[in-house]
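Read the single chain below, which is given as structure tokens and is the form predicted on its own.
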């Protein structure tokens, strides 16, 4: 079967067909079509099967990408799924939302003139086929164990840990403040990137496998951390980061200036069929409005593209650096441009204008790039006399997220935080300062990618298992 591979010398890179911008911006459906079996086989066969696979090295999960590409090229899809799911709890989600252009595909060793293998689209094809064929099974253990873990947060990190421990026979309970399982996968990422059925079907599988979900539960209010610790052998905090970074300046308190997550959550809830008063009354609805989004990351791209679909009169993204230095996925920027988003590069907000307490514009200044700083990123400096006003009826702040004050919320001063507000853990054991309480995901590393949350959750599951087994085998430790 070796002759099936190395086809990059004769086959060009092809991505899945993308719906035309005029069509896709009229709804919230995913914009990429699924690969046909023939197309997926062809693209998988372009893999060079290199001896040092940079795609795997630069994947946070170290997915065995060349292996499942080869199996796909040979038509052995069930085996490809088994290899893919062995290292990734949610391959169907990563295939949709991972910034492959910065990770696996961006580090493909095939010369750039040939263009990389379309890894993400093949990953999505493999797992969607697995669901259709019934190869995806609940995490049902071979035998039940008495060990119990309580997980706070039903996002990528918490769910990854829950699945891993449940498959080994643990009794797993996941506590989450939302009414659905998935965290930002449900309420933060728009449908055009990740349709919610993709997340909900996994949640159903986990429940069938015996994972217990306690939803609409706020730790610190409905139940204390101390009570959760008393119920379980170990606890994992995987709450993510939700507090929006703010922006000051004159007029920052005007109406019509909203955080990105509030805006995206309202849109996602409305698409799920929930009644959202803030959407109905127009507070968090862009229809007919001039929208300005401040920020340059993937969340900003989610906001501008959501506003387009809500029928905004105009959508502008203000970013203080240029396109080349934008932290968001270039693929997402291209999609936004196709859909009619205007980008005001090298523009930084200084304040806001308004009438009758409501925003009417963003005062901004043009910037120029200076010398690189210690991280390699170019510093930005304002250009004197270059101020301008961008008209706006709705301003969305997409400047990133910070952790909430968990020691205060949970009523546990023993939880210590870093100077960035993230939970402090022992980097080797992943345990906080509280015995038997671990932490993983964004609450430790800060706002990051879904794939890093999955990696952290899987690693935390291993550390929790090691801790509980060691304690059970040592009378001295168990007595503590």
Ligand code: FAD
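Positions refer to the first chain, counted from 1. Every value quoted in this text rests on a predicted model; they were computed, and no experiment measured them.
The following text describes the form predicted together with flavin-adenine dinucleotide (FAD), which does not appear among the structures shown.
Between 251 to 259, 156 to 164, 137 to 145, 384 to 392, the stretch whose residues reach within 4.5 angstroms of flavin-adenine dinucleotide (FAD) in the predicted complex through a non-hydrogen atom is 156 to 164.
Although flavin-adenine dinucleotide (FAD) is omitted here, in the predicted complex none of 198, 307 and 341 has a heavy atom within 4.5 Å of it.
Taking the partner from the other structure, flavin-adenine dinucleotide (FAD) in the predicted complex has a heavy atom within 4.5 Å of a heavy atom of residue 219. When contacts are judged by a 4.5 Å heavy atom cut-off, residue 417 does not count as touching flavin-adenine dinucleotide (FAD) in the predicted complex. Residue contact with flavin-adenine dinucleotide (FAD) in the predicted complex: residue 193 places a heavy atom within 4.5 Å of it.
At a distance threshold of 4.5 angstroms between non-hydrogen atoms, residue 450 is in contact with flavin-adenine dinucleotide (FAD) in the predicted complex. Think of it this way: in the predicted complex, flavin-adenine dinucleotide (FAD) has a heavy atom of just one of 401, 81, 319, 206 within 4.5 Å, and the residue is 401. For the candidate set 178, 131, 213, 345, a heavy atom within 4.5 Å of flavin-adenine dinucleotide (FAD) in the predicted complex is found for exactly one residue, namely 178. Applying a 4.5 Å heavy atom cutoff to flavin-adenine dinucleotide (FAD) in the predicted complex picks out 409, 410 from 408 to 436, in order along the sequence.
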